[in-house]
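Two forms, one chain: they're shown below as structure tokens, one block per form, named structure 1 and structure 2.
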Structure 1
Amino acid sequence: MRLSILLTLPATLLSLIYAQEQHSYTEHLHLKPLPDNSLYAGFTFTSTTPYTAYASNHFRYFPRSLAQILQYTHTAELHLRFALGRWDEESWGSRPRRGLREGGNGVELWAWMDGAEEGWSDLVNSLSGLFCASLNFVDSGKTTRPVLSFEPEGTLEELQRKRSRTGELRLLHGMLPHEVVCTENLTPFLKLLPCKGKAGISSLLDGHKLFDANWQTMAVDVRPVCTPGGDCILEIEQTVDMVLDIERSMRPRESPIPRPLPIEDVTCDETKGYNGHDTCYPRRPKGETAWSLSSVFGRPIRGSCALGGSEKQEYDITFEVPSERTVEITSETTIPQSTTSSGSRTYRLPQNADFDLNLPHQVLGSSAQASTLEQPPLYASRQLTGHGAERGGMHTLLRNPHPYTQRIVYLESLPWFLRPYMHTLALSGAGKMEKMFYTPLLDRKRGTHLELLIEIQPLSTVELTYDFEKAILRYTEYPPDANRGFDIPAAIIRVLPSSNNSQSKQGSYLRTTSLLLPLPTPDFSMPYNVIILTSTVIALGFGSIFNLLVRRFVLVEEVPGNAIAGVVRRVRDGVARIRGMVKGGGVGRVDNGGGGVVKKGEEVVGGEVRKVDGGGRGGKKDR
């Protein structure tokens, strides 16, 4: 028995060591200055764990809260997006990460899972509570099943084979374009990281800076990675991409509103005339703007997220600037640095020291100032056409800027109250529609799913148009801001890989902006007026009838006497008697309060003069 234990001990130790090596955590920050005084910042956080540890609920870097949701809902691969703003392709060039980590405005979610109908509802409700978002509103009316638009990033077939599962994984997709992304979503996003945003490059993520950006997106991607004949690991990649305005980001938080400088501090453009001595046209500064990480993000990087252990850990920063650009490093320790031929510089973060990059003002040569932005694979724009509250149209413009043919997949998920006329669908220009997948809507149950496979010729433009009808909602289905309109989700465009663009099997993605659709809206002030008038009439009628039924009407003589009233009356009579005596000059002359005199044998009772009988006190006195 002891011999068998000793023989199995080395194998157990080796398996533990191998499992420890499969736990890894890396951080990466990519910085790239853009035209118009903008800065692109891309944060990447990657954690891996062995699938055996995931199945046995053993987690080191992988977030337990998210893993338990995936296990309960039988989700094999998950992709979640929070996006805000618009990527300006004309000024900033191609999208970062080929658009793979980008989503439409609001919240977007798609996943491959077993038992799609039952687990999808549990998944969206659980993620809604985890990320403080309104994902629980992704119901059957906002859920579609794309066919060509998405490909799994993980090795799902290999995973199913190793798990001995024969069921087919189903893809479900949902969007919430009206969701407002804010700090409530950033905080749970940071809590999924090992250092919780307290150290490493995640310490730069501040809500005031992130949500003041011109464009930003947060992504959570979970995928299995299996090697043929080997083990599987589960990988989670959390990314944050943003484009900051350098000048606006460097404004102090205490005084965010820009104020004009004194005229003595303004460099005037003498080539333009001006009238007053205290006004002038400011001259545009030459060269590159001076900035630093601490001035743009509000703080330096607080060291690396050193977690200890023998696992793989990497923390670095890639700064993509021309080789002539001066970059100063501020840190208490020596920072390892490497430079590529293109000018990109890579820095490794220190463990227990702050790290800051400082770029002084510098005038670069014409060669360094030349634009090196990569051209996007496709340009796309989408607009609503028509007028009136009954019908409208959709117009999409697709332009291929490259000298080779491209095949794209165009996906639209339309709400049920937008009813497209498919017989009006038309594709004009140098393009050809190869396939179409269409699922019609069901009122209040299912939206429209439209998926097109289009081929676009080189250096050409394609227009996609169709007409639609606007549905009339019930008055209880209108939101509080009904006159604002209803958000239509962005269209998703996937540029398929080919021999000319040398991309992965996913290709590249881009999304149009979301649209605002005005629907026939009733006058909600009329129900308010009816409610007010009806309530007033009911109150007056009910009050009058209630008083008639409850209140008793009696004569004054029938009212029973009151002890307090009797005391008051006697006091008043006594005062009147005293006043009469004073005015009459002695006994026998009492003023009755009305100007008369009370004679002998009379008395004042209740303000009236009455005679006294002989048996009274007056008769006794006379005798």
Structure 2
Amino acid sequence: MRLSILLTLPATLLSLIYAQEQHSYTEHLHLKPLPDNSLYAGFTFTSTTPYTAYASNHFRYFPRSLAQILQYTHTAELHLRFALGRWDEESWGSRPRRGLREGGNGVELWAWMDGAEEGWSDLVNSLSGLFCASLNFVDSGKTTRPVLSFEPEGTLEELQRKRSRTGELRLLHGMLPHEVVCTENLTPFLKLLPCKGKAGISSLLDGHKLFDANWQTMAVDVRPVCTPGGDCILEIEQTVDMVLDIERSMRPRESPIPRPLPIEDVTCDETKGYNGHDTCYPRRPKGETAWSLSSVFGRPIRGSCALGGSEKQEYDITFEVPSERTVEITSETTIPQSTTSSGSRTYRLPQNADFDLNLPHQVLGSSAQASTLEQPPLYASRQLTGHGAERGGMHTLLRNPHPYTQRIVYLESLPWFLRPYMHTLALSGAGKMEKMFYTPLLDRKRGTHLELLIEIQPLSTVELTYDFEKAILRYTEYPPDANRGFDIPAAIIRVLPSSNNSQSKQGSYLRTTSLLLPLPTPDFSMPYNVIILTSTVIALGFGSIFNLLVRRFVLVEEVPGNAIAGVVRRVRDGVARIRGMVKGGGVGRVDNGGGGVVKKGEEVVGGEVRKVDGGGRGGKKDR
């Protein structure tokens, strides 16, 4: 036993040295000021591990806690999203990373896995513990299996071949729109990083600032990357994207209240005729606001987190500003920097020294100000219509701003208590539905999965509408905040890459906002119970008294006979006679007044007597 360990040791060491270069870690920060005094910050942390090391439980930068979950649940590729707020396409242009690292409001998770349901259940439960999120609520009712909406980012086929597995990997997708993303999710996220938020760009990630952003999304993406015929590595990419309001972020933490400014600090529009000492029409101050990394994020970057593979990496920070904009660097050491042709600046973080960027107040020329925003591939908005507790409607607007036809995949996974009327599904406007994948809901077991492949004509708007019915829930199925309404997950829209403009096979993604659906909710309060109880008592009392007052009591003989009653009586008599014959007479008592007796094992069906076999099933039927 010991010998075998001794023998394998050199081999393991060898493999470790060999695999050393495949253990890597890089990080990158992308900063870009947006109109409306906003700042986009995109953090990317990438670590890799060779598949052999992963299989033998040897980790260097790859987070062990996550890897063990992936191993246990046989997950080949994993995508996890935490999102908050909305991206303002009109002001900020297209989404960062083409929407690939974005999720619907709340938590979203999809994975390609080997195992079946148990694996998925294990995965959501383990991730729930790891990220302090209620992912364990992603049950069968919230899980869908999209067909067209997602493509694996990794080389899954190669991986399967290498692992000599035959079964196909299955994609499962779940969303939790009600989940509020908060600091408790950020802390475990940072713990997965090698520098754990103490150094490198991750030192900027402070919960106070991150969750004060107008829009923010955290993503964890694990994918296998195999070279054809070669080795496989497992790559984890953690990203944080956010849009900060510069003015709001720069408020000191000790007095974050936006008190009205002293009147001296308000810029007044002096062209107004009524402008005076007590009257001031506010005007936007000219030029760009002065800001610095430390004032916006609350602290400077605390040195670099250069751990592995740093030779490959040339820079840590890309700062996308017009070339005219003055940028000052505050650091104890000299910083390697360069400027690209488009005006973006790139920096490399110093070892063991703070780094800060300073932008003074500056009035830019008109050419620099009109920095062209990239147009998003598609505009989408989704709204609930109608009011009342019974029915509602869904209304989605999709606008193609480009002068070419686009094909999109529209995925909607609806909870079971929203029952869409599929016959009302209508697509109007310049577009056509090419394909539809639809899995109908099963009450309490499965939600609706609706996937549409839509072609949208250039520069046109398409309206997608359908009506739905609101289910009535059992009273135990209501959450504690039943009157808030129920969150409907965002619709996921994938804009398929056009043939002439092939960016990647993924295309780009966008998600609508999640919705709040008011369901018929009982009043869970004492008065309600009292009303129900008293109504029941009154109904019972009224019913019996009304019955007595209104009913006409007549003798049996006075009742006019009718045809059916005659038939029934005849059958009854017949049954009694048969019974009498079988028992040999004298035993069977014919009870005409109280009604005939049907023998055990016989049933009267449609005026006929039929033998029912099997004792006990029929039971005793007294008619």
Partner chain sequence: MALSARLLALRRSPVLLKLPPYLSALCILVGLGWLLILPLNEYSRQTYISENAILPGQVHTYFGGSEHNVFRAYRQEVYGLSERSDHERIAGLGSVMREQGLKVANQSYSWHVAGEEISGTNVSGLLKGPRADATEAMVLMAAWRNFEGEINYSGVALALTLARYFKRWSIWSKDILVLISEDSTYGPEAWVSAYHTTSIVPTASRNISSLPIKAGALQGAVALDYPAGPWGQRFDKLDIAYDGINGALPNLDLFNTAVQVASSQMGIGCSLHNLKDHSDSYKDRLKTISKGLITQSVGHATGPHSAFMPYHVDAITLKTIGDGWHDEMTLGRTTESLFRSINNLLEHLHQSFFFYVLMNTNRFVSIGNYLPAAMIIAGSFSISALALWVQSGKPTPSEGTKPMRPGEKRKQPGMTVVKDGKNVALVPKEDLEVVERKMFIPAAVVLGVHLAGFIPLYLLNHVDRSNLPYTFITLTAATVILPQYLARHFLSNLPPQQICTIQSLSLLLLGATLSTLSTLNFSLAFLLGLLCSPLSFVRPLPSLRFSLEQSTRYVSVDDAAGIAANLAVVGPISVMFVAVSPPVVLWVVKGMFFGSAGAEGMLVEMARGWVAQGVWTGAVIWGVWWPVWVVGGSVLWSGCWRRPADDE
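Start at 1 and count along the sequence of structure 1; that gives the residue numbers used here. If you superpose the two forms and keep the largest set of C-alpha atoms that fall within 1.5 Å, you have the rigid core. Everything numeric here is computed off the predicted structure, so don't read it as measured data.
Structure 1 is taken from the form predicted alone, while structure 2 is not.
The rigid-core alignment places the CA of P403 less than 2 Å apart between structure 1 and structure 2. Superposed on the core, the two forms barely differ at A389: its CA moves less than 2 Å between structure 1 and structure 2. Annotation: Cα of Y438 displaced by less than 2 Å between structure 1 and structure 2, core superposition. Fit the two forms on the rigid core and the C-alpha of R570 turns out 97.2 Å off between structure 1 and structure 2.
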